[in-house]
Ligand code: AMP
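The form predicted on its own is given below as one chain in structure tokens.
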């Protein structure tokens, strides 16, 4: 695996490689890697000639400074995982590399996606996400961008940004990878103590409850019961929403439509998000 820290060095390397016919896959991360990230690396390796992973904890997408300061940093372990799984290139830029003095900030038109769910509860978050992803795509110049379904709304935001700006990249979204007990793998899980980890299992249990009962119980009652389950385990719930595929809330479940349940809730000072397709025969959960 080759490590690049300076954008210009990586750009030069890729330009030389582009003289031959190659396909590049890219997995952007903030480090603290887990099997969810590695599954994206493996998928990229199976479909591309070169796989690039970036590790960059992006300050512009943290609306809570304490969250940024406490984000887990595990660089040595991350490098070891990437090497063991055959990643070709690791890009680890500094903040000054990504946002130099002459950096021009964009105002991304994200419409309703910037005002609901994560957008509502994390002001400015998606602007920061788009800022860093656009910058990384300019540097990496990849053919395929790999994202995880756990960040469902973020995937939609990045897709909209890429489409609006006509960025020539294919975006592939892979199913959420879970622990054996159902907990969605997340870098933030490292901040949970053992008691909190046990309590966090209720998120998956609630999603399964919603999936099992989406056509049996009316949506208002489903949401009320689910909220009670989360609160009983000590969670402070930002939202528990049931929507269609493009995140419009639904009042009644129809078997012909795609239905998504999304949850964001905090236990202690750790905020977790998760989601599940409740009715979609065409997408793997």
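Positions refer to the first chain, counted from 1. Source: prediction; values computed, not measured.
The following text describes the form predicted in complex with the named molecule, which does not appear among the structures shown.
Peer 1: In terms of non-hydrogen atoms within 4.5 angstroms, which of the given stretches 231 to 239, 249 to 257, 217 to 225, 37 to 45 touches the named molecule in the predicted bound form?
Peer 2: Stretch 37 to 45 is the one.
Peer 1: Using 4.5 Å between non-hydrogen atoms, is residue 175 touching the named molecule in the predicted bound form?
Peer 2: Yes, contact at 4.5 Å.
Peer 1: Quick one: does residue 88 come within 4.5 Å of the named molecule in the predicted bound form, counting heavy atoms only?
Peer 2: Looking in the predicted bound form, residue contacts with the named molecule do not include residue 88, since no heavy atom lies within 4.5 Å.
Peer 1: Give a yes/no on whether residue 60 approaches the named molecule to within 4.5 Å in the predicted bound form, heavy atoms considered.
Peer 2: So residue 60 does not count as contacting the named molecule.
Peer 1: Check residue 29 for me: does it contact the named molecule in the predicted bound form (non-hydrogen atoms, 4.5 angstroms)?
Peer 2: Output for residue 29 is yes: heavy atoms within 4.5 Å of the named molecule.
Peer 1: Could you check which residue among 122, 160, 135, 150 gets a heavy atom within 4.5 Å of the named molecule in the predicted bound form?
Peer 2: Of the listed residues, the single hit is 150.
Peer 1: Only one of 81, 154, 213, 199 comes within 4.5 Å of the named molecule in the predicted bound form by heavy atoms, so just point that one out.
Peer 2: Flagged contact: 154.
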